[in-house]
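Given as structure tokens, the chain that follows is alone and in the form predicted on its own.
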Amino acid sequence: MTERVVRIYSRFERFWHWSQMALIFVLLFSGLRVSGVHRLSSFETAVTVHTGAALVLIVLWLFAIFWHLTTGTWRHYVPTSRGLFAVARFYAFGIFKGEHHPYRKAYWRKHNPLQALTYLALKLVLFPAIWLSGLAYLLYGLWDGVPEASDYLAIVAGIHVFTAFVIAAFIVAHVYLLTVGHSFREHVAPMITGFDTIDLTPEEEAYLEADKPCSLK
């Protein structure tokens, strides 16, 4: 294995990441206003902003799903038990003792086992839950004639709010983990420049030097 600085995040991945982050913060802020947590804007404005940002985010997610499937980058999210316990132990104990992270990024495996499992749960459970409950709430006028529709609406709203708080908790944990181990800058820089230090096999290094020399520093 050879340690090299490699572009592992494409322009689309970086655009998708930061656009998603901005839209989620807009949704959380406007959603808290709709729920009455704050009154920093009018209710009508919050509903309009929340709905618009949600529709834009859904379109972005659909493009991201298409991109992951067509480029093969979905492989980074396939969960594995190999090294999972070591990474979980590191985040639970080792990180507070100054231990080195047990996982090194690889060209075809840039997410550690715990990250892959967490991101997969987000994509397969939490994001669909927030999509479907939000759309069901938005389109209530199409199914309000269903018997006991108001009771179902309360359940839909509960699922939507609960899922939103779980996503918010993930964001807090995500940002917190950026502040431990390496410096905050070292954690964030790869998602800005696209480049990070990873281990390459001789075959991967030869492939990149021959076909993608611009991806190497």
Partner chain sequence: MRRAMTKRLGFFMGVLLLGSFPALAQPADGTTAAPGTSTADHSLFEILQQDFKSGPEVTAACLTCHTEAADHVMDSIHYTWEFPHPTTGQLLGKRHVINAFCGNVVGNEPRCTSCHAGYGWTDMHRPPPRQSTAVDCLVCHDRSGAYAKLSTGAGHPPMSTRGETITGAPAKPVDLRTAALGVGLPGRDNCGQCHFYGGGGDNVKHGDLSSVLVEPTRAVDVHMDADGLNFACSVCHVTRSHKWAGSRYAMRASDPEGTGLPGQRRDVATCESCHGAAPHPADLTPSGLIGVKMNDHAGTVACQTCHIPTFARGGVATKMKWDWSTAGRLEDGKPISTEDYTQGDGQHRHTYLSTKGDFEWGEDVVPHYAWFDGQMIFTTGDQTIDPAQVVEVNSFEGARDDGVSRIWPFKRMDGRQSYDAGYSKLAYSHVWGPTTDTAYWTNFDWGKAIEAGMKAAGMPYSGEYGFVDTHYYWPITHMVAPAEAALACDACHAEGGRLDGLPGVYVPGTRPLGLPVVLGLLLFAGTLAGVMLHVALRLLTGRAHHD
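Fair warning: this is a prediction, and the values are worked out from it, not measured in the lab. Residue numbers count along the first chain shown, from 1.
Not pictured, yet referred to below: the form predicted in complex with its partner chain.
J.: Report the residue, out of Y119, Y91, W74, W108, that has at least one non-hydrogen atom within 4.5 angstroms of its partner chain in the predicted bound form.
T.: None of the others qualify; the residue that does is Y91.
J.: So, V172 and its partner chain: in the predicted bound form, are they within 4.5 Å at any heavy atom pair?
T.: Because a heavy atom of V172 falls inside 4.5 Å of its partner chain in the predicted bound form, the answer is yes.
J.: Might F63 be said to contact its partner chain in the predicted bound form, defining contact as any heavy atom within 4.5 Å?
T.: Flag for F63 set to no.
J.: Please tell me whether any heavy atom belonging to R82 falls inside 4.5 Å of a heavy atom of its partner chain, as the geometry stands in the predicted bound form.
T.: R82: no contact with its partner chain in the predicted bound form.
J.: Does any part of R39 reach within 4.5 Å of its partner chain in the predicted bound form? Heavy atoms only, please.
T.: Yes.
J.: Give a yes or no on whether each residue among V5, V188 and D199 has a heavy atom within 4.5 Å of its partner chain in the predicted bound form.
T.: Not a single residue of the candidate spot has a heavy atom within 4.5 Å of its partner chain in the predicted bound form.
J.: Within 45-68, which residues come within 4.5 Å of its partner chain in the predicted bound form, counting heavy atoms only?
T.: If the 4.5 Å heavy-atom criterion is applied to its partner chain in the predicted bound form, 45-68 yields V47, T48, T51, G52, L55.
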